[in-house]
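Only one chain is included here, represented as structure tokens and corresponding to the form predicted alone.
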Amino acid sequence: MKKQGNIFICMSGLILAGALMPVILSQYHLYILTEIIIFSLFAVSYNLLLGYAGLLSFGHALFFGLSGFATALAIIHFPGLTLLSTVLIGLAASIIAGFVIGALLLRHKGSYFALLTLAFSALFYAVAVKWYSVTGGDNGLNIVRPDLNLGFASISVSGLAHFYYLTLIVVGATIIFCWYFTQTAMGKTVLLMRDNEKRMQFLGYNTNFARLILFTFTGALAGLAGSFYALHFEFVSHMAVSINMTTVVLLMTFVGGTKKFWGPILGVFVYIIFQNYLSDLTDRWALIMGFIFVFMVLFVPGGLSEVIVKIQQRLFGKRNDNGVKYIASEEGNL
């Protein structure tokens, strides 16, 4: 309980510190930070599916891009809608898609499931490219952020600072909720299903239904990130639903590490900072990022979060349940 409380305080502190960023950072760096927050939710949702449930999906960007397109289309065709209404439309689209696709695909496991998610992703990508009258094809859709209507007041989020605060509050609160979900009985059930599904079935759990709930939930989280992605860039194209986008979130998750909840968030921060830095130096930045990914998989499979934990253990040691400090050996003995 004490550890959980410390994690909650730490995440809350980060959000409070984030409230000071518009005063400290330039417009460019604030723009990058907003992007990091949005992709952090996307990566956390993917880690819940991969790291916690053990489901490798090559189609997670499907929900991300679908929600982005739904949000953009709502803004274009229903100009009177408020910002939160357009986000809810995108969220509803991702929930429905997650439930329907999950019901179809979760009967399969392992490589079959991964390949089927890839097939669905390719299908949605083809629709996004070919259905020019709706999606804009290669040109995508340009939008203008609507105002935030709170009922008693209407706030313009056309400026970056106001939109940053909205993103920090909504997405930050959602990430905290995701952490809380991992501490609930449902979250623990997902981990136990990953480790030994037959035992959970023997105990009376409906593992298929639990996986469907998780798949729909992670799809909704990716959809929320996709809505804010479209609002942040004020643009959405077929690339948001492509396999490239899934590859990006997969890379972010692996670089940060799947064993820690905060690992993917660290991976997003490192990836986006490196991407922006390397793209200024060379046009072949994607090749360098690919080498980094291969290096991480071969030599640091636990990601940067595992490296940080090991360094912390080396420097400060561990403490047992009685608070007595000890140093862990390579075999894990006292």
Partner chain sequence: MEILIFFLHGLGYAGLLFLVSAGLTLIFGMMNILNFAHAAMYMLGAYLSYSIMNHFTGQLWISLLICPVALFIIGALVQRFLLRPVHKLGHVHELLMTFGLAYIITELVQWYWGNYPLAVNVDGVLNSTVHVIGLTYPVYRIFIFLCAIVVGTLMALILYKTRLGIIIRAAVNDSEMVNALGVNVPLVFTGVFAFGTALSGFAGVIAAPLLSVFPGMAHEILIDAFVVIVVGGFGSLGGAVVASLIIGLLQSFGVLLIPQLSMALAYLLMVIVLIIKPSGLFGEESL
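Values in this document were obtained by computation on a predicted structure and should not be read as measured data. Positions refer to the first chain, counted from 1.
As for the form predicted in complex with its partner chain, it is not shown, yet the points below apply to it.
Across the proposed site, Leu104, Leu250 and Gly290 without exception bring a heavy atom within 4.5 Å of its partner chain in the predicted bound form. For its partner chain in the predicted bound form, the listed stretch (262 to 270, 22 to 30, 52 to 60, 35 to 43) containing residues with heavy atoms inside 4.5 Å is 52 to 60. Between its partner chain and the residues Leu123, Ile155, Val134, Leu84, the one pair within 4.5 Å by heavy atoms in the predicted bound form involves Leu123. Distance criterion of 4.5 Å from any heavy atom to its partner chain in the predicted bound form singles out Leu118 from the list Ala92, Val170, Leu118, Ile76. Although the partner is absent here, Val307 sits far enough away that none of its heavy atoms falls within 4.5 Å of its partner chain in the predicted bound form. A residue is said to contact a partner when one of its heavy atoms sits within 4.5 Å of a partner heavy atom; His108 meets this definition for its partner chain in the predicted bound form. Among residues of the shown chain, Ile96 is not one whose heavy atoms approach its partner chain to within 4.5 Å in the predicted bound form. Proximity of Leu281 to its partner chain in the predicted bound form falls outside the 4.5 Å heavy atom cutoff. Taking its partner chain as positioned in the predicted bound form, the only residue of 225 to 246 that brings a heavy atom within 4.5 Å of it is Ile243.
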